[in-house]
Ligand SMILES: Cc1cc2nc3c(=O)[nH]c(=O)nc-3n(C[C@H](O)[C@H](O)[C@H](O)COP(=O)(O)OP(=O)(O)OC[C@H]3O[C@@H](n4cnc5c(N)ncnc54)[C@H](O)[C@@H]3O)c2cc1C
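Listed next as structure tokens is one chain, alone, in the form predicted alone.
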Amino acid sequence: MLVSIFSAAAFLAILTLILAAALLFAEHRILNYGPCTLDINDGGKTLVVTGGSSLLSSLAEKDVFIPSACGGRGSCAYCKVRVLEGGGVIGPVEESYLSPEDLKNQVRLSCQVKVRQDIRLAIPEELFLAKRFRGFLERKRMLTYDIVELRIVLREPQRIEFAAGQYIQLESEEYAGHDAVMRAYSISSPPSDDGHVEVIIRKIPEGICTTWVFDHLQEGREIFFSGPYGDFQLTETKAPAVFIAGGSGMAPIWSILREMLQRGDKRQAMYFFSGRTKDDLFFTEELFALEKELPDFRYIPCLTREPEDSDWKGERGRIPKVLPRFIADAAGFEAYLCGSTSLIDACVAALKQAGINESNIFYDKFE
């Protein structure tokens, strides 16, 4: 009787061990997907990667850098690509960031797509030009009380090719319990200065990356970023241009204007910059000097909260109210806007009212 009971207990123990081993083996097989092929743009580029990681990180490992501000956490929706086959089911986190138009066009968040089989996808050709750069911070200078300029010397690669108006993805470091993140910042330096990159950053209260930049990043430190990205840039036409920006939205406009000067671009151009008080203005002397170097350029800073008893003799009020005094008829103009959503939406409405063709309005919103 004791032998029978012992034998039954031993049998159950052995069976449990066998089942556990089988489950571990099955789990290993599930997680070990082996090599998977990424077919990009119908064979334009083919990559073989190890399965199991996200599509975003798998592409990055092969030096194809998709913009992502949240580091692959599924909270920024920047890393959209078209996944034509093999992307698997759409989860609830991803679905909340996809519009009906996205779903119709098979657009996915690459950080939420797991590589478990061969995938066929489509991405813009220009993303193949993006690279990861290593450099060091040559200069960090305050432009206003809450805006800083970084000048980065490139080390590897030592040169960058970009169009005025494009942006990079700056990588922060871990600090004070905060994970490393990536954030998008427009390039403010001109394309001719291809051994450096300058960016203009406004401090965001409790912003992970901006706090790192303002409070922890020191001159001489090693720094990493990827890019260039984006299609916000001056067209090849000679149409008169109106530029509008606020705060750090100055960055791409400053790059474009300096390139215009270097190319001898003589098109008519006006630049409206929005600030609350004189303390929000920067590059003021340089921009007024540009009026003498570009024969048909005018700089128009507009202040919304400057004290009435100050010595300010420039424009007061919001740009949509000021703009009609300078451009009564905007038909034939092109407009380039960079800044907050509220600024851009209000100025776009004013430009339309002034007669500009909507197809000639280009903007880069800071969400």
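Quick note: we count residues from 1 along the sequence shown, nothing fancier. None of the values given here were measured: they were computed from a predicted structure.
This next part talks about the form predicted together with the named molecule, which is not shown.
Since exactly one of R120, R151, R116, R202 fits, which has a heavy atom within 4.5 Å of the named molecule in the predicted complex?
-> That would be R202.
Among the candidate residues L257, A241, I223, A251, which is the single one with a non-hydrogen atom no more than 4.5 Å from the named molecule in the predicted complex?
-> Looking at the other structure, the residue within range turns out to be A251.
Report whether the minimum heavy atom distance between R183 and the named molecule in the predicted complex is within 4.5 Å.
-> Yes.
Consider Y271 of the chain shown here, and say whether it contacts the named molecule in the predicted complex, taking contact as heavy atoms within 4.5 Å.
-> No.
Please check if I208 has a heavy atom lying within 4.5 Å of any heavy atom of the named molecule in the predicted complex.
-> It does: once the named molecule is placed as it appears in the predicted complex, I208 has a heavy atom within 4.5 Å of it.
Evaluate Y167 for contact with the named molecule in the predicted complex, applying a 4.5 angstroms cut-off between non-hydrogen atoms, and reply yes or no.
-> Contact check for Y167: yes, within 4.5 Å of the named molecule in the predicted complex.
So which of 125-133, 282-290, 92-100, 193-201 is the stretch with heavy atoms within 4.5 Å of the named molecule in the predicted complex?
-> The contacting stretch here is 193-201.
Residues within 4.5 Å of the named molecule in the predicted complex, restricted to 342-366 and counted by heavy atom | Result: D364, K365, F366.
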